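Have a look below at one chain only, the form predicted alone, in C-alpha cells format.
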Amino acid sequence: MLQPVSVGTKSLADYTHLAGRPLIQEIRDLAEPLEGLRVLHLSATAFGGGVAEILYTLVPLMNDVGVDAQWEVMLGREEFYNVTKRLHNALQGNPDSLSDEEWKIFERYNALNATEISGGWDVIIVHDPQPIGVRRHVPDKARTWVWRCHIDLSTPNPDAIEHLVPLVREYDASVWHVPAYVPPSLDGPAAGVTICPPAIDPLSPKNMALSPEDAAFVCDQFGIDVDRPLMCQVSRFDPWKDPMGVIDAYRLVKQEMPEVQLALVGSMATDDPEGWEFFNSTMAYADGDPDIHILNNLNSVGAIEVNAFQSQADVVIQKSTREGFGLTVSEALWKGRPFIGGDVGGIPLQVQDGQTGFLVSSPAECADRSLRILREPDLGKQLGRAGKEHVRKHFLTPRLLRDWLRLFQAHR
C-alpha cells in the first residue's frame, strides 16, 4: 500500500480568535451536509516544502469538521524523483524538458502507484505533477478526482506542458493559486478550474507567537549576533529561490552598513535530489563570510528555529525568480516583520508593494529596499503591521478549509 501519513488532531475552535467567528460558523455550515465524505490526499513527500506543511494542518481540520480525510504519500525511487524534479523545473520555465526515456519512468511509477490506491473514495485530491498520471489507471477508485497545482505554470516549457495538459483534462476539477498559472487550453469554468491560494497555520510551531527573548536565545545558539541587524531568507535551496541573488543584495547592503548579517535557512526535501548540489554551490558562493549563516534541517533547524529567525530578522526576504505561491511570505508577514519579495508568481498576491512590504526584481533593488527598512525602523513597523493584517484576512488555514468545502459541495 501507499505510505499513510499520521497527522494527529486539531480543533477548528482553536482558530476562532484569529480567523473570526463568522468564518468559523460558515465552515461549520458548509461541513454539516458533507459529514462522512471520504477524501484522500495524495502527494509525493511527507516533509520539506509547502505541500506537506499545508496538509499537516488541513487534513486534521477536515476530520475535525466531520470529513473523513486521509493523506498518503506515493512510493518512488531516486530515478523517479530525478525525473520529477526535472519536470518541475521544466513546468516553471526551464528550457530542458524530459527525454522519451524519462517520460517512460514517470509513467511507470504513476502506473505502479495507481495499483496501490484503495477504492471507495468520494474525492481523491492529487497534489502537484509527481502523481498526476495516477488517475488514468484507476478512475473508478473515486467518484471525483481533483488535481491541485502548487507551482508556477505561467511560462512553462512547451513540451512539458503539452504532456501535462491532457492528464489535467482527465480530472473533474483542477485547483490553482492564481489565474495566470492556468494553461490557456484549460481556461473557463466548464473545465472545472478553481482559483484558491494556499494558507499558513497560525498555530503551528513555525508560526505561533514567540517572545523576543526566546527568538533571540535561539538565534544566539546559531552564532547570530542579536544586537546587529539581520537579513533572512527561509526557503528550499533551489535555483528559483535565488539564494545567490540574496547574497549579492546582502553584499551591497554591507558596503553601506558593515554590521549587517545574513541567514539563509532551508529544509532538504526527499523529492529534491538537486537540493544538496545547490546547497553546496550556495555555500561556495558565500565564500566563507562569517556573517553569512547557511543552515538547514540537518543543522537542527526545525520549525521553532525557523520561527525564531523570521521573528528576529530586521528584514525577511523571499527573492524568488519563480514562485508558485511562497508560504514563507505569509509566514514572515504573520510575524509582523518588514518583508521584501521577488515580483513573481504568488508573491504579489501577498505583498502590496509599499504597503505590506516591497516587491523587487534585482539584487540592487533588494539591497535598496533593505537599507530603507534598516535605516527607517518606523517604516519597518508600519509595513509589518499592515502585512500581518493582510495575512489574517486572506491567508490563514480556516479560509483554505472553507474553500475546499465549497469545492466538495460543488462536486457532490
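Start at 1 and count along the sequence shown; that's the residue number. Values in this document were obtained by computation on a predicted structure and should not be read as measured data.
There is also a form predicted in complex with ligand UDP; it is not shown, and the following applies to it.
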60, 64 and 203 each touching ligand UDP in the predicted bound form (heavy atom, 4.5 Å):
no
Of 86, 254, 236, 293, which residue is found within 4.5 angstroms of ligand UDP in the predicted bound form when only non-hydrogen atoms are counted?
236
Which one, 231, 306, 134, 153, lies within 4.5 Å of ligand UDP in the predicted bound form by heavy atoms?
306
Segment that reaches ligand UDP in the predicted bound form - one of 160-168, 336-344, 259-267, 101-109, heavy atoms within 4.5 Å:
259-267
At the 4.5 Å heavy atom threshold, is residue 368 in contact with ligand UDP in the predicted bound form?
no
Residue 241 near ligand UDP in the predicted bound form, any heavy atom under 4.5 Å?
yes
Does residue 129 reach ligand UDP in the predicted bound form if we count a contact as any heavy atom within 4.5 Å?
no
Given that the partner is absent here, does residue 327 sit within 4.5 Å of ligand UDP in the predicted bound form, heavy atoms only?
yes
Could you list the residues in 46-60 that come within 4.5 Å of ligand UDP in the predicted bound form, counting only heavy atoms and keeping sequence order?
49, 50, 53
